[in-house]
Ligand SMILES: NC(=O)c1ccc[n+]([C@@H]2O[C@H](COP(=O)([O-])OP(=O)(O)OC[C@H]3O[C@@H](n4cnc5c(N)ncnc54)[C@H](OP(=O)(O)O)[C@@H]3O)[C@@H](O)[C@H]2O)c1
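We begin with a single chain expressed as structure tokens, specifically the form predicted on its own.
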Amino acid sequence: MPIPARFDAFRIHNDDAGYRSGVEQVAIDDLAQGEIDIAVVHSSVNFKDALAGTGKGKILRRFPLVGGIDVAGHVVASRDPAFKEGDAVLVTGSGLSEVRDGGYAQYARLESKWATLLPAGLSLRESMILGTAGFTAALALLRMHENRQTPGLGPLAVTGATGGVGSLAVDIFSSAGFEVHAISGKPEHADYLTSIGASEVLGRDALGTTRPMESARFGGGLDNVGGPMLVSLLAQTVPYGNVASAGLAASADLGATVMPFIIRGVSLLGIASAGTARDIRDRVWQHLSTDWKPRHLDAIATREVRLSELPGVFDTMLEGGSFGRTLVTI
């Protein structure tokens, strides 16, 4: 299928005219160099995309760039023998919408070293409901597993549970055999959280302590919020449990003490999904397409939008209105 001379892309600029973004026409050779060209089917919206698209976070390292840190579609041209025309592929992170043009376009040019052939157990749509958010949640579980986390240690807490990473973590962790306690400041979504796998839904006050140590109630967990909630989760984790840190929706601060670490042996694991090594990336996607595949992807995909609707999605996300996952259909 020939690539048209020009096609739609959601592009981000920062120049003498100011910081701005929107849909415009580009040519394939306007994009960063890469070995495979794809016809994009889906992308998604992550917190990082909202920061990049509005300029409220220093995400892009060069301009202009096409936004979108996730992309999935079909190969239309390949200069790498590992990929052929018609292959279904996906890429998450890996410099997209940071140093390379991303997935918010009808066509994308990708570095083949980061492209993953779509696993047999996923559709392109499912892969982008997952996207960076699902990859992050599964990477957190992989790291916890490697550090001897087991269901026997107790329930895993998930903060920011109604957001994209949080929702998918609830589903993935429960699919993997863990009891999950969802922590959210949105009580109106309690039924949603139980429907996707949470055995308990707790308010933010469950992590309201300022004491360095509390009674241990969680086997570990995934924190998407940062600040005092992360500190409190550490203070309430059982001996040798693991807490994975994946976000800073509330705060980038960490006013913690070393007491959970040196008294209970709690581990704090950093989850940086964007530059994950290829062998680990392949392991995560293998899990996501088989034993850790979320069972409620359609429920978690709470919104589906086109490129022109992205600015409104970004604003809602940055105002704290995230709920589930937003799928972008090209």
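Residue numbers here begin at 1 and follow the sequence given. This one's a predicted model, so the numbers in the text were calculated from it and none came from an experiment.
There is also a form predicted together with the ligand; it is not shown, and the following applies to it.
- Here is the short version: of Gly93, Gly154, Gly247, Gly197, the single residue with a heavy atom within 4.5 Å of the ligand in the predicted complex is Gly247.
- Contact annotation: of the candidates Thr237, Thr132, Ser127, Ser97, the single residue with a non-hydrogen atom within 4.5 angstroms of the ligand in the predicted complex is Thr132.
- Within 4.5 Å of some heavy atom of the ligand in the predicted complex lies at least one heavy atom of Lys186.
- Proximity of Gly163 to the ligand in the predicted complex falls within the 4.5 Å heavy atom cutoff.
- Heavy atoms of Arg204 reach within 4.5 Å of the ligand in the predicted complex, making it an interface residue.
- Within 4.5 Å of some heavy atom of the ligand in the predicted complex lies at least one heavy atom of Phe47.
- Here the chain stands alone, but in the predicted complex its contact with the ligand, taken as any heavy atom within 4.5 Å, falls in 247 to 255 among 247 to 255, 82 to 90, 113 to 121, 173 to 181.
- With contact defined as any non-hydrogen atom lying within 4.5 angstroms of the ligand in the predicted complex, the contacting residues in 209 to 247 are Asn224, Val225, Met229, Ala246, Gly247, given in sequence order.
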